[in-house]
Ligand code: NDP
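Below you'll find only one chain, the form predicted alone, shown as structure tokens.
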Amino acid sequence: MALSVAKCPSSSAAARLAPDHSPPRWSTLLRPFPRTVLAGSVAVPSSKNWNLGVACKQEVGTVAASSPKEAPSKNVEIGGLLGLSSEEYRDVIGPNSSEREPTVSITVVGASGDLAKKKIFPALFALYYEDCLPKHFTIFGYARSKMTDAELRTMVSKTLTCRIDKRENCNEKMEQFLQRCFYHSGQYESEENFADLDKELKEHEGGRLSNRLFYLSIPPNIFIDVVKSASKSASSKNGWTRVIVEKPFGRDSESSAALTRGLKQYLDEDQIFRIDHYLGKELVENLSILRFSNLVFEPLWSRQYIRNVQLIFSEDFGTEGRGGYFDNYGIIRDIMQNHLLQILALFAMETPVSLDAEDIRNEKVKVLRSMKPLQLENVVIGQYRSHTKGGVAYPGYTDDKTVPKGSLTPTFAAAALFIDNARWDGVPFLMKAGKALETRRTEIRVQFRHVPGNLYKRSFGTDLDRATNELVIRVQPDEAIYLKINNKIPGLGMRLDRSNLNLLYASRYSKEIPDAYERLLLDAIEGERRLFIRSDELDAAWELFTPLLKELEEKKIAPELYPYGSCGPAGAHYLAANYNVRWGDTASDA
């Protein structure tokens, strides 16, 4: 068997080389045996002590999953396999070894929707282009709309781009990819329609070991109908079946728990992949690497040196016709309870035992459960109003025809959160999220404490905040990590300046950063769960925000109005000032 080196830089490579419950890539070690044996028939020892130096191209989806509903395999130890007779060997791999060769069938449920067209299909094509999908794979679109295979391919082709590598045969790869795409029309609650889908999937799987991934790109109110039908009529009989679920995961603790109970009637927890695409962003994944692999940062990562942490999300556009959907959730549910809170948990967690998914998620849950209840006095909400700027009139939130008149749904929120543990006691974690603001950005800002007895404080005058070191992790756009430091301006005098030690990704790395959906789809296919949300994480997140949301809605608290294109309501600045903090994104040298 020739050694095949991976072209694909899998996002979860670090986790696969570090301690993991998945079998190691034995293809570099067991040359005499077919890959199919390694894929589905051999139970190998734990990889906890392995750190293989050779990167081998893996047939994605061949790793036996841990879920009871996933692929059964014969439990044959490596030592036993080496001593098998030819007859015993055939018994292990089956009379026709090609039948054990795996295939992955990816069904995008809700294929005619915007998310599928703009994100999921382009991400799957990018993975195909980079040779990250297995040799045998099929993609099916499933929706209620009537459509032929050709019409699906035409629809999908409009959103595929050759942005990955314009120098190579992208158009040819695009055509090859589209030939793997098919369409099946059916009702979401129909077991009969999913049984018909199952027949089509089997035709394309050709008797191979079948692994199936369902991506639910649909409203949450029909999640359970689809999962019930797919589980009963279209799940794999000899491989794994996994389901990716898009947010929102409910509106509060009660609805989220009901959704989880409904999903678990038909799926095990290990089969459910709750996706938060922000966890797939390059700079979010780099967060733990920055902290745990750089000695200069880890000793400073506590209340002794950090004065406050800011998690900032801003968009420079409003709901733009999506107000009807947004009005049912608001900015707290849409951004703070999931995206920003997940980033906070990753930032603040203790060092996990390993890079295993469960070890990391255990530490995140500890952070969420250690958080103090959110108090109304530590929250500011706002809503953008119409504003004219540069001769252009921008509409207010309630000017959107899809938004109910007099809506009190916040389009902006700021909150001060606290973690009640030894590492973070007393450190304010300030969250801010809003639409129709001055700029578009997502960033983490870590403001360190003032230098005790600073010898140069006279050079900064009375504003000691100017002398404060600040670490900024810019998630988007223009991904970067920079550290603000104080230095002397060249010359005979003693004049100080504040400068940035800057890692700007576009300057440092020529390769384009993959879209978050590419990383998360690949991880789901490979069974890597680090970047997906476990049910107890979800419960802890809702337990933190549900009391606040109920209080805001029951008391009908009116949001503070702010002009479209401004830096948000003034109340957010007063909230920060209560803790002697300034928002870092509003500074002149941000």
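Computed from a predicted structure; not experimentally measured. Residue numbers run from 1 along the displayed sequence.
What comes next is about the form predicted together with the named molecule, which does not appear here.
In summary, the binding site of this form is open: after superposition of the surrounding C-alphas, the named molecule from its pose in the model of the complex has no atom within 2.4 Å of backbone or C-beta atoms. Note on contacts: among F121, Y517, F137, W240, the single residue with a heavy atom within 4.5 Å of the named molecule in the model of the complex is Y517. Checked against the named molecule in the model of the complex, the residues K173, R445, K247, R153 give one hit for a heavy atom within 4.5 Å, which is K247. Here the chain stands alone, but in the model of the complex its contact with the named molecule, taken as any heavy atom within 4.5 Å, falls in 143-151 among 406-414, 486-494, 143-151, 194-202. By the criterion of a heavy atom within 4.5 Å, G113 is counted among the residues contacting the named molecule in the model of the complex.
Although the partner is absent from this view, P219 contacts the named molecule in the model of the complex, with a non-hydrogen atom inside 4.5 angstroms. Within 4.5 Å of any heavy atom of the named molecule in the model of the complex lies no heavy atom of K264. Although the partner is absent here, R322 is a contact residue: one of its heavy atoms lies within 4.5 angstroms of the named molecule in the model of the complex.
In the model of the complex, Y188 is the single residue of 174-205 with at least one heavy atom within 4.5 Å of the named molecule.
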